[in-house]
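Only one chain is given next, in structure tokens, and it is the form predicted alone.
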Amino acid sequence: MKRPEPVQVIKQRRDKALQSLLQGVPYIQFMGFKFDRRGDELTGIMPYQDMLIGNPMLPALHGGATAAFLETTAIVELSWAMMWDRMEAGEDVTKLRLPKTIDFTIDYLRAGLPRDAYARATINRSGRRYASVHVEAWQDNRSRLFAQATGHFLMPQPDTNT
């Protein structure tokens, strides 16, 4: 009987796969987005920066920064779900392509305050070609969302030339 892998080895493999995914998208670094992983669940984090302010009179987060954060969280969640089984089977998942946005609809529920923001995405449907994702964003209180979005994505097709 084969012994199970040590927990630390499993954590390192998962953390390495997530870092590979995030480092493959320069925009994620530019915007300063981070992702916290607990098992297979991801929480997006948009640390507050002055450059994220859209209305300095309030002050409030720029709607474009909020939209980018929600869309990035959706794409990372979809990619992470796509990678999970392959990663757990020991496959190299560092070269997987990202889903492409078909449409993305955002509901701005209240002004984003000048502080850190958090988001979680839920995959409503994911098939071979198409996926639907819902994302919710909050700041201080998970039950007081400041934005939410629904997006549809074209899933990357496996290479048929190999």
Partner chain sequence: MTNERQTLIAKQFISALPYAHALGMEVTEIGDGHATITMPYDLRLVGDPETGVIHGGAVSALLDTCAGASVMVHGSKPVGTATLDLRIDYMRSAKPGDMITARAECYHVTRSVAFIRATAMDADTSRPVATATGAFTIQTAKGGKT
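Residue numbers count along the first chain shown, from 1. Keep in mind that what you see is a predicted model, and the values were worked out from it rather than measured.
Just so you know, the form predicted together with the partner chain exists too; it's not on screen, but the next bit is about it.
Heavy atoms within 4.5 Å of the partner chain in the model of the complex are found in exactly one of 115-123, 34-42, 48-56, 129-137, that being 48-56. Using a 4.5 angstroms threshold between heavy atoms, V25 counts as touching the partner chain in the model of the complex.
At the 4.5 Å threshold, heavy atoms of T72 reach the partner chain in the model of the complex. With contact defined as any non-hydrogen atom lying within 4.5 angstroms of the partner chain in the model of the complex, the stretch 142-158 contains no contacting residue.
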